[in-house]
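This document opens with one chain alone, in structure tokens, the form predicted on its own.
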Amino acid sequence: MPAASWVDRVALGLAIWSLAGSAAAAEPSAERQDELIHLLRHDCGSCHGLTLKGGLGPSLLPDALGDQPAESLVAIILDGVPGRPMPPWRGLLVEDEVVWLVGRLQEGIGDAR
């Protein structure tokens, strides 16, 4: 797929994010947070490394995420990256959950389960 397709998808994700951004994202329940951290460690970790330092996919540690806007990371998680091994998680995760996960990644999840 041409690079413009990926850029267009990220731009669309950012536009949707900005429309929804006026309302605060709902924080998942404590039980769901545990489930999401487990998913992050195991499902995401299968490509990004079990310590999230990188593998097939790039590192998901705060210093590696650098200046990437949260909105871009949310769009990538929800819609994947065409032509790359990053699958879309939309349908398995809702946007509020992904916003919460991105926040944890940007802060650093340490030794969370």
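Note that residue numbering follows the sequence shown and begins at 1. Source: prediction; values computed, not measured.
One more form of this protein should be noted, the form predicted in complex with ligand HEC, which is absent from this view; the next part is about it.
Quiz prompt | Complete contact of Asp43, His48 and Leu56 with ligand HEC in the predicted bound form (any heavy atom, 4.5 Å) | solution = The answer is yes; Asp43, His48 and Leu56 each reach ligand HEC.
Quiz item: Ser29 near ligand HEC in the predicted bound form, any heavy atom under 4.5 Å?
Solution: Ser29: no, not in contact with ligand HEC in the predicted bound form.
Quiz prompt | ligand HEC contact at Ile37 in the predicted bound form, heavy atom, 4.5 Å | solution = The answer is no: Ile37 has no heavy atom within 4.5 Å of ligand HEC.
Quiz item: Heavy atoms within 4.5 Å of ligand HEC in the predicted bound form: does Trp100 have any?
Solution: No, no contact at 4.5 Å.
Exercise. Indicate whether ligand HEC has at least one heavy atom within 4.5 Å of a heavy atom of Leu93 in the predicted bound form.
Key: Because a heavy atom of Leu93 falls inside 4.5 Å of ligand HEC in the predicted bound form, the answer is yes.
Quiz item: If you look in the predicted bound form, which residues in 64-100 sit within 4.5 Å of ligand HEC (heavy atoms)?
Solution: Read in sequence order, the residues that approach ligand HEC (within 4.5 Å, in the predicted bound form) are Leu65, Gln68, Leu73, Ile76, Ile77, Val81, Arg84, Pro85, Met86, Pro87, Trp89, Leu93.
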